[in-house]
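Okay, so here's just one chain, in structure tokens, the form predicted alone.
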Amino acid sequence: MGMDSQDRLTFDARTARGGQVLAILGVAAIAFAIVFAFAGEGGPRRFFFSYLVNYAFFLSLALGALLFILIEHATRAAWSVVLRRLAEATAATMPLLAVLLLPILLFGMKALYPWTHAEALSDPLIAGKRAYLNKSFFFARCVVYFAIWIRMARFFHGRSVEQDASGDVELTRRMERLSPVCLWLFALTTTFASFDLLMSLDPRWYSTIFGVYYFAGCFLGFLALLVLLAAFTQAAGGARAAITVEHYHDVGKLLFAFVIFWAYIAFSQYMLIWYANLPEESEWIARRQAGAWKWVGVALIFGHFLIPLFALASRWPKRRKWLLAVGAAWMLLFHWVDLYWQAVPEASPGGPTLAVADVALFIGMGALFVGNIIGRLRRAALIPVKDPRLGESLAFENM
């Protein structure tokens, strides 16, 4: 099966303008959240927790996209070639995410992280971690994380777009050779970034499996986003023949697999903390089982695991694009709830409170994020048109 000569592989001007409108909307929504929060609702501390939850959410989607690219090249996968440009454009939002981290680094550290307070050093558990938990080293680590992520995202996106013009197969070989090394770097940086941004909200608490827990959410979240990006691209008139029901079916199978993997890691973390019953570990879980927070945990069991598990078990919904898109939107919602459950109990131990800033920052960062993706996609073809495995991807069929 060849590529349809009538298939449009670029966004039209109207879609490109939509990306610019989203960027303006994003800035306005973030400004609204700042004014509303600092004018009264919750104040700076609650605002920065809202900011962190939404920031960790969109960062996770970009990291999941980068992982998707690395796995594709490391395994020499052919089926996903027609989807790879969507992943490349998502990973290429890393410079935007580096800029969005600055408010946390410059203004939000004291509101978010107790270990930045001088009185915290009176706790021997926190004082013993001072060599790691200090502002200078925290800033330095963030610089290293983003230097690595941006370099990897630019390399793989740049070589892929370069191949669109040259058709040089050696570019594919270079990406394949480097991807295993990049996977190691990705694993290390993502693990420590999750420790820094989320786990250190409670500096007494630690979990050696927390990095894997965050990684599982990253990849699951991006797979859900990939379904929506592919559906949006085709609704906008692009890649209608190139991306087929077979590709949606395979992404649906990966979604199903990572729903189970996320639940396995979440249960493993809970079980190990419950079994050890150490105060510095169990206090973190205890806060999330107190008051109304326990119902958020129950919602995650059903919404993040049981409902999608049964919904995706059948072949039928994975081969209905718009039905799968509804399921993907559901998974993104509960991925956000999962991050909210991880972070906000530190600011609101009595129970969940959905603040205006939570919604406004989600809209604002989401608009900037999606607008940036559209901007990246409009600069190149929507699929890697000269990838040596493109023909195999176009002809792919599930067994």
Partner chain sequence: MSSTSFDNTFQDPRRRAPLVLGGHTLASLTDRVCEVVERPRPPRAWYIAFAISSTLVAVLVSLIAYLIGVGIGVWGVNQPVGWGFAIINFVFWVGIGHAGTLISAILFLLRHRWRTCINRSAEAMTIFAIICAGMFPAIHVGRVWFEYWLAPYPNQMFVWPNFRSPLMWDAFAVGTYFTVSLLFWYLGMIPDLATLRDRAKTRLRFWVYGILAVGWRGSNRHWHRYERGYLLLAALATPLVLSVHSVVSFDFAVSILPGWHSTIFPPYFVAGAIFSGAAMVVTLLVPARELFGLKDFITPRHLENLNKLTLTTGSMVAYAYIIELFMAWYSGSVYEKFAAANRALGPYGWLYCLMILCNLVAPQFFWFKTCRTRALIMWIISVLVNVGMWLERFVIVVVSLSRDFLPSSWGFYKPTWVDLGILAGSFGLFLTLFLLFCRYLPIVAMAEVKNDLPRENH
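The shown structure was predicted, so the numbers you read here are calculated from the model rather than taken from an experiment. Residue numbers count along the first chain shown, from 1.
The next section is about a form of this same protein that is not shown, the form predicted in complex with its partner chain.
> Does K129 make contact with its partner chain in the predicted complex, using a 4.5 Å heavy atom cut-off?
So K129 counts as contacting its partner chain.
> At the 4.5 Å heavy atom threshold, is S200 in contact with its partner chain in the predicted complex?
Contact check for S200: yes, within 4.5 Å of its partner chain in the predicted complex.
> Although the partner isn't part of this model, could you tell me whether F267 comes within 4.5 Å of its partner chain in the predicted complex, counting any heavy atom of the residue?
Close contact exists here: in the predicted complex, F267 approaches its partner chain to within 4.5 Å, heavy atoms only.
> Spell out, yes or no, whether the shortest heavy atom distance between A78 and its partner chain in the predicted complex is within 4.5 Å.
A78: yes, in contact with its partner chain in the predicted complex.
> Taking its partner chain in the predicted complex as the reference, which of A193, A236, L133, M175 has a non-hydrogen atom within 4.5 Å?
Checked against the cut-off, the match is L133.
> Can you work out which of V143, L278, L121, A329 has a heavy atom no more than 4.5 Å from its partner chain in the predicted complex?
Selected residue: L278.
> Does its partner chain, in the predicted complex, lie within 4.5 angstroms of each residue among I209, K253 and M271, using heavy atoms as the measure?
Yes: each residue has a heavy atom within 4.5 Å of the partner.
> Pick from 221-229, 106-114, 146-154, 180-188: which stretch has a heavy atom within 4.5 Å of its partner chain in the predicted complex?
Heavy atoms within 4.5 Å of its partner chain in the predicted complex occur in 180-188.
> Taking only heavy atoms into account, state which residues of 287-305 are within 4.5 Å of its partner chain in the predicted complex, ordered by sequence.
None of them.
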